[in-house]
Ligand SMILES: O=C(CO)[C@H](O)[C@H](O)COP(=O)(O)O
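First, one chain by itself: the form predicted on its own, in structure tokens.
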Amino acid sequence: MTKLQVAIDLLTTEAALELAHKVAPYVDIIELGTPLIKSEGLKVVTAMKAAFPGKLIFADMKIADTGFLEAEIAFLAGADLVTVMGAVDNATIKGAVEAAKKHGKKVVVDTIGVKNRVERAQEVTAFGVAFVELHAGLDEQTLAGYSVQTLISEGKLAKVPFSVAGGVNIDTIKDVVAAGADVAVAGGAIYGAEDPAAAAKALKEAINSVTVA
């Protein structure tokens, strides 16, 4: 069953916790976005894990160097999953995976900036990452012609564990699930909604309604 991940790009620990309390009944993974971590530091990871010990806490570190060190810092703060950029040297990804094994945690590779996402997804999966996030950032999503369907198609082609992030909403989430995604990541579709709890509930129900062959 595809997991639902909420990406929280708010900028204070208080706002992030307030949102998380509203949507926690409907999500499997709580992601603390890069702007939030840069604004508040890793204390927000610790606070979120303390508030939701039964949820997977995803620290979107976007690690680009010193893979072992930065991943370990996040794991010690309470993160269950951390991101490493797919465009970096393989040694950085392998270092983060080493830290994950040490702490019983997991690494996700983020494909922002990767030119051939399918090929790179297959390469990095061999390093022992949990899954690859096929990800179009907020800036890319504003470009003319952008469609989340591109990421969905790439997930099907890659045939590795993957998540989709970049325009997942109530209109597209069933396609994400049908493609076999391990995780569907929703950010603005939840935190930008008038009623975030209702939005998260609707997304979870949509996931549960899809039968994947």
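Residues carry their position along the shown sequence, with the first being 1. None of these values were measured; they are calculated from a predicted model.
Missing here is the form predicted together with this ligand; even so, the following discussion is about that form.
* Pose source in the predicted bound form; superposed partner this ligand; site open or blocked by backbone or C-beta within 2.4 Å -> Open.
* Asked: Based on heavy atom distances of at most 4.5 Å to this ligand in the predicted bound form, which listed stretch, 133-141, 117-125, 74-82, 89-97, is the contact stretch?
  -> Result for this chain: 133-141.
* Report yes if all three of Asp9, Val185 and Gly188 come within 4.5 Å of this ligand in the predicted bound form by some heavy atom, otherwise no. => Yes, because Asp9, Val185 and Gly188 each have a heavy atom that approaches this ligand to within 4.5 Å in the predicted bound form.
* Asked: Can you check whether Lys62 is within 4.5 Å of this ligand in the predicted bound form, heavy atom basis?
  -> Yes, Lys62 lies within 4.5 Å of this ligand in the predicted bound form.
* Would Val176 show up as a contact with this ligand in the predicted bound form if we use heavy atoms at 4.5 Å? -> The answer is no: Val176 has no heavy atom within 4.5 Å of this ligand.
* Contact between Gly155 and this ligand in the predicted bound form at 4.5 Å, heavy atoms? -> No - in the predicted bound form, heavy atoms of Gly155 and this ligand never come within 4.5 Å of each other.
* Can you check whether Val45 is within 4.5 Å of this ligand in the predicted bound form, heavy atom basis? -> Taking the distances in the predicted bound form, the answer for Val45 is no, it never comes within 4.5 Å of this ligand.
* Asked: Can you name the residues of 149-172 that have a non-hydrogen atom within 4.5 angstroms of this ligand in the predicted bound form?
  -> Sequence-ordered list: Ala165, Gly166, Gly167, Val168.
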